[in-house]
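First, one chain by itself in C-alpha cells, the form predicted alone.
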Amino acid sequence: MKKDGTIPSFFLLNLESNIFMEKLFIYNTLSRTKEEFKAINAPFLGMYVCGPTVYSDVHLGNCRTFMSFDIIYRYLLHLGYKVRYVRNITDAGHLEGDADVGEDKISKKAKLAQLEPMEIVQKYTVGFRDIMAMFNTLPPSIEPTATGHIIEQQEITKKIISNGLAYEHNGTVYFDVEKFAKTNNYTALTNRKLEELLENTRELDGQEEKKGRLDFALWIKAKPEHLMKWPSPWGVGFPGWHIECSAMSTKYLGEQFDIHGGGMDLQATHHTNEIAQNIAYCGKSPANYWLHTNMLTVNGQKMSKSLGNSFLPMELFTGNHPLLKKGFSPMAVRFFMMQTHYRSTLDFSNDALEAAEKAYNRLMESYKTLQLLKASVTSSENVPALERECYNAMNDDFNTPVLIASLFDAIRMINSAYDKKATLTQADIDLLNNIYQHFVFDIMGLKKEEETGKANVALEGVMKLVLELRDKAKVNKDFATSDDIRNKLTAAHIQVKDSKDGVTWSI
C-alpha cells in the first residue's frame, strides 16, 4: 500500500481474467478443515487481526503472526480482492493473566515508569510500527484503538444485557456463558466440551459475584487507584479485553466479515468469547474463516522470559543476546519465518537462521543473475509450469515453504541458463522476472537489503565484540586496556556508558 493509502498497481489483477485464480483453500479453525475460500461480497473482503497490547516491546511471537497475515493480505490483494484489513491496538483493558482481575498491563507499566498511561501507549505503538516497517509489512487499512471506541463497547454491552445474556453486579457487567451455551455452541472454535471447561476452571479470588465460573467481564468497575477509566451506565470503569475486538471489528467490517486472525494462544479464550459476544449482540458469528498462527520455540524449547530464551527483534538484528552467535537482517529473519508454514511451530536456532540467511542471499543473487541472461530461440525449461506451482502453493492455505521450494527451482533454471547448460527464450526470461516480482517482492514482501541497514547491523556486531573485550580486560583487572578501549571509542565519536544495568553505547 502506498503512503496515500492506494494499492500498488501490481496488486490490481482482475479476478475474472486471472488464469491462475483457480480455488483458494484456507484452513478454517472453526471447521478444522481446509475450505474453499468464498468472499461474502467479492471483490470486497474484510479481514480483522488482533493487534498488540502496547505495554512493552513487541515480541517475536507477535511479529510472526503479523508477518504471516501480511503475506496473506498481500496475496489476497494480488488476486484482485479489495481488502479492508483492520488490526487493532489494545491500549486499555488487557489485565495481567488475560483475566478479569489484576492490574491493567499498561497502567502497571505507567506506574513503574512514573508516566501517563498514554505515554506508554505512544512509546510502544511507535516502536511496534517501526519494527513492522523494518520487516517490510504493509500497514493495515485501519488501525483502531480500544480507547477510541469506548462508546461502541458500551452500546454492545447494553444490547447483550437487553438480550438477557449479560448481567450487572456492583458496577461490573458479566457475560452469562452457561445461559448462552443452552442455545449456542460456546466451544465451536475449540471443539471442547463445556463440562470439561467447567471442571478445569477454578474459583478465583474476588470473583464470587459471577453466576458461573466461565463468565467473563464485558465492563469492569474501576478501583479508585485505577488510572484508565470512563463513565458508563454501570458506573466508572473500563472495558473488558474481549469486547474491544467485537466493537472494532463490527464497526469497520460489519456484523459478518470474511477472515478473523491471530495467534493460536487467543483461540481458546479471547476468540471464543468474541464469537459468543457477537452472537449475543446481533445473532451472527463475526467471521466465516478463522486463521491462527502457531507458536515459537528456541532450540526445541518454548520461548519464554522465565527460561531466559526469549529475545526481542532488535536483539535478533544486532546479535546482542547470549543465545545468538551474530545478528541477522530483518529480511533474512522474514525469509526464515516463511520457511515454516504459519500453522506449524517455528523453531529458532543459530544454524537455522544462518541457513535461512544463505538461502535468502541466494534468492537475491539469482535475481541479479536473471538480469544478465541472454535469450535463446528455443527453450529447454518449463517456466509456465513453475509459475503454476507457485500459485498452487499459495492457493493451498498460503503454503510459503512449498512456494520457496518452487522458487529454488527457478534459481536452478537461471543458473543453468547462465552456465550455458540450458536455454531460455525471451518469453521465459520475462515470465521468470514476473515470478520474482509477484512472488518474491510483492507477495513474500522480500526486498534487497539497504546498505545502510547492513552497516548498522555490522556495527552492532563489532561493538558487541569490542565491549566484550573491554569487559574481559576489566575482569582481569587490566584497567589500562579497558580505559584505552573506552578512550579510543570516544575519539571515534562513540560514547560508552557504564551503569549498574550494564554497558550501553551510542553515536
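Note that this is a predicted model, so its numbers are computed, not measured. Note that the rigid core is defined as the largest set of C-alphas that superpose within 1.5 Å between two forms. Just count from 1 along the sequence shown to find any residue number.
Keep in mind the form predicted together with adenosine monophosphate is missing from the figure; the text below concerns it.
Contact annotation for residue 250: none of its heavy atoms lies within 4.5 Å of adenosine monophosphate in the predicted bound form. Within this chain, residue 59 lines the site of adenosine monophosphate in the predicted bound form, having a heavy atom no more than 4.5 Å away. Among heavy atoms of residue 286, none comes within 4.5 Å of adenosine monophosphate in the predicted bound form. For residue 189, no non-hydrogen atom is located within 4.5 Å of adenosine monophosphate in the predicted bound form, even though that partner is not displayed. Distance criterion of 4.5 Å from any heavy atom to adenosine monophosphate in the predicted bound form singles out 303 from the list 407, 120, 432, 303. Interface residue among 178, 265, 209, 130, judged by heavy atoms within 4.5 Å of adenosine monophosphate in the predicted bound form: 265. Comparing 32-40, 60-68, 440-448, 466-474 against adenosine monophosphate in the predicted bound form, the single stretch with non-hydrogen atoms within 4.5 angstroms of it is 60-68.
Heavy atoms closer than or equal to 4.5 Å to adenosine monophosphate in the predicted bound form belong, across 87-101, to one residue only: 94. Comparing the forms between this form and the one not shown on their rigid core, the Cα displacement of residue 137 stays under 2 Å. Superposed on the core, the two forms differ at residue 309: its CA moves 2 Å or more between this form and the one not shown.
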